[in-house]
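The data below hold one chain only, encoded as structure tokens and taken in the form predicted on its own.
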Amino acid sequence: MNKETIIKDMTEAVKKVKDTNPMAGSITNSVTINLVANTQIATGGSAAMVYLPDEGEFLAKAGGATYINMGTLLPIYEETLPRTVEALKDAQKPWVLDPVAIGIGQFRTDMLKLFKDYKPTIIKGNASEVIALAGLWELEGGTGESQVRGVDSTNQVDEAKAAAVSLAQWTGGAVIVSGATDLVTDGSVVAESTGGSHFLGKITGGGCALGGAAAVYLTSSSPFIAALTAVSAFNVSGQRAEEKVDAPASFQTEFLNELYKASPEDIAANPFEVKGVN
């Protein structure tokens, strides 16, 4: 997989999304649901947010991809999440998992254990979440005890590389480790993407929105290309938005504006490096 081919595939993925307006349904964090939906729309996709079991099944079958975010769990999710991932498996539809706050409660842990055998197409998390998920699934690079502080990471991105690679190898998909320099891997290569803005860490839902964007691009490309395209879109849009503002609230508005305005060529041209997994 050479860089020239990756750039071409990323460009085509963004063009296809903008041309076709694909639906990527979400079962996501109630704290960040608005930003996730607006982000998906800004990329060119169509957003649909649900939490009931039958509606999760419907979106799994009707959408091009589905985003499952483990943020603010509700009691009904004990039924919704298993039924939705089963429907995704039956329909052979791709999906994105964001293991937010892994390790803070038994129900959350039980659901994430269940997901191992359903093999998410893309996993998106911060370094601590990725390391903890690999540990929960008993994969290389993981640890048995979560180092997540609420929804925040206490690990650096490079510390999660081995865990990300082993997760991608297990699922056959891709993993995003978000941070100052984002890491994306399909288990055979690792891409490191730069750019973005420190303001993304000062608004609620920047990481959740990235998972939503990845689901949109996943409707139109391979897992690795979708993951890297989402990261690149965020990095170029975040960098441009930061140049226009001096505070988080105005940054969020400008970020959505820049994400909407970013061309396929803009996104594919955001700096990244491709390396081997070793």
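The first residue of the sequence shown is number 1, and the count goes up from there. The shown structure was predicted, so the numbers you read here are calculated from the model rather than taken from an experiment.
There is another form of the same protein, the form predicted together with a further copy of the same chain; it is not shown, and what comes next is about it.
Colleague: Arg108: heavy atom within 4.5 Å of a further copy of the same chain in the model of the complex?
Modeller: Arg108: contacts a further copy of the same chain in the model of the complex.
Colleague: Taking heavy atoms only, is Gln252 within 4.5 angstroms of a further copy of the same chain in the model of the complex?
Modeller: Answer yes; at least one heavy atom of Gln252 falls within 4.5 Å of a further copy of the same chain in the model of the complex.
Colleague: Is the gap between Ala60 and a further copy of the same chain in the model of the complex 4.5 Å or less for some heavy atom pair?
Modeller: No, Ala60 sits far enough from a further copy of the same chain in the model of the complex that none of its heavy atoms falls within 4.5 Å.
Colleague: May I ask you to state whether Phe199 is within 4.5 Å of a further copy of the same chain in the model of the complex, using heavy atom distances?
Modeller: Within the cut-off, so yes.
Colleague: Should the three residues Trp137, Gln156 and Glu159 be counted as contacting a further copy of the same chain in the model of the complex, with contact defined as a heavy atom within 4.5 Å for each?
Modeller: Spot residues vs a further copy of the same chain: no contact at all.
Colleague: Listed by sequence position, which residues of 243 to 267 have a non-hydrogen atom within 4.5 angstroms of a further copy of the same chain in the model of the complex?
Modeller: If the 4.5 Å heavy-atom criterion is applied to a further copy of the same chain in the model of the complex, 243 to 267 yields Asp246, Ala247, Pro248, Ala249, Ser250, Gln252, Thr253, Glu254, Leu256, Asn257, Tyr260, Lys261.
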